[in-house]
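The data below hold one chain only, encoded as structure tokens and taken in the form predicted on its own.
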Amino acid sequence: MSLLFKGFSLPTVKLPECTKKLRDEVRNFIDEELQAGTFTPHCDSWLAGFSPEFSRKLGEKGWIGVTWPRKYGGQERSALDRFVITEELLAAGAPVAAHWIADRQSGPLLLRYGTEEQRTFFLPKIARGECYFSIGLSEPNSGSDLASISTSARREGDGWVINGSKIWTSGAHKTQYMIALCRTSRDPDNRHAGMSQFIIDLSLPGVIVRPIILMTGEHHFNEVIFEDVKVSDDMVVGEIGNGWKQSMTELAYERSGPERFLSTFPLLVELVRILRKNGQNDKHSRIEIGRLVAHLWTLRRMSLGVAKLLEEGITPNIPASLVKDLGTQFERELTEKVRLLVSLSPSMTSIKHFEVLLAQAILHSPGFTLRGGTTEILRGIIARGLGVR
């Protein structure tokens, strides 16, 4: 049985007992950390909660790179196991930003396209929660239109010289590496040709990281500028000229996960708690909460279906784009419903956790439909995939 959409389908997934047992282990770990006071639940924690200490704890548990081969530090577990680990951490608002990009897409990209030397060097460090990556795709004058990027990599001697800039780069002021998409040649008849990916050590001379401060006052976005940055040939990922295809594979990992609809989940939990505390059990409130939960449950089933496809080696560009588009709509809808159901004043400095969570959700929301591809780009991918464009 499968969930059917026009032109494609997603498998319906039933979690095996071993995965349910893993979920219990993760929940127990989170409860212990909360009781110890090591973190406070945060909306958008996969971008805003940067804690190397917490990432190393997850590495010690074997919960980073769980699907990877053991020889690279992984646990050879299923994509569904990884799904429940990330789902529980996000639902708790745990600080997972440090390792998030490396675990979600940089590591899988290196497993698929990297050299043996790259896998041996980077993957065990990522799995231990010690090595962090940023994404180098969007540019100041390109937005989400990756085919128009202008950052260049020029062959020089036995290496490459990189010039240009990337923007909306999460965590670049704290991560050690970036996988950047660069132009290595141009074909006037094919905008997608002539692109290549490089691993760039962000401590190299010529790398400049400029902060982009959010409305919350937080700093996790950056503009990263490259001025004659020299990269050795062994930092090329995959094949020269194959960067477009590789980047699309990377984005499939990025767009379909539970972070696309659980960024504001701690706010939903707090909303239900406050409604119960206030005795607010009217019909309108029950209907609105029911709609939110039904929407959330549908998104979860779709995201699980994508995880199953990834496990089968299928690159699910269309359903991943659909999950991301619908997921970001849900995240905004949740914030709006909270404001309609409860009278409160959102504030980042409030002593009330509910008001802080709402302020985080509101002030982070402009980025929901931008990161991982704008809504317009995603709907274009879906339309082309369904043959209606």
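Sequential numbering from 1, following the sequence displayed. Keep in mind it's a predicted model, so treat the numbers as computed, not measured.
The same protein has a further form, the form predicted in complex with a small molecule, not shown here; the description that follows concerns it.
Candidate site formed by Ala97, Leu267 and Glu355: none of these residues places a non-hydrogen atom within 4.5 angstroms of the small molecule in the model of the complex. Only one of 306-314, 166-174, 230-238, 149-157 lies within 4.5 Å of the small molecule in the model of the complex by heavy atoms, and it is 166-174.
Taking non-hydrogen atoms only, Asp24 never approaches the small molecule to within 4.5 angstroms in the model of the complex. Although the partner is absent here, Leu370 is a contact residue: one of its heavy atoms lies within 4.5 angstroms of the small molecule in the model of the complex. At the 4.5 Å threshold, heavy atoms of Gly93 stay clear of the small molecule in the model of the complex, well away from it. With a 4.5 Å cutoff on heavy atoms, Tyr72 does not count as touching the small molecule in the model of the complex; it lies far away. Only one of Ala102, Leu262, Ile135, Cys182 comes within 4.5 Å of the small molecule in the model of the complex through a heavy atom, and that residue is Ile135. With the partner removed from view, the residue among Phe122, Tyr113, Trp244, Phe221 that has a non-hydrogen atom within 4.5 Å of the small molecule in the model of the complex turns out to be Phe221.
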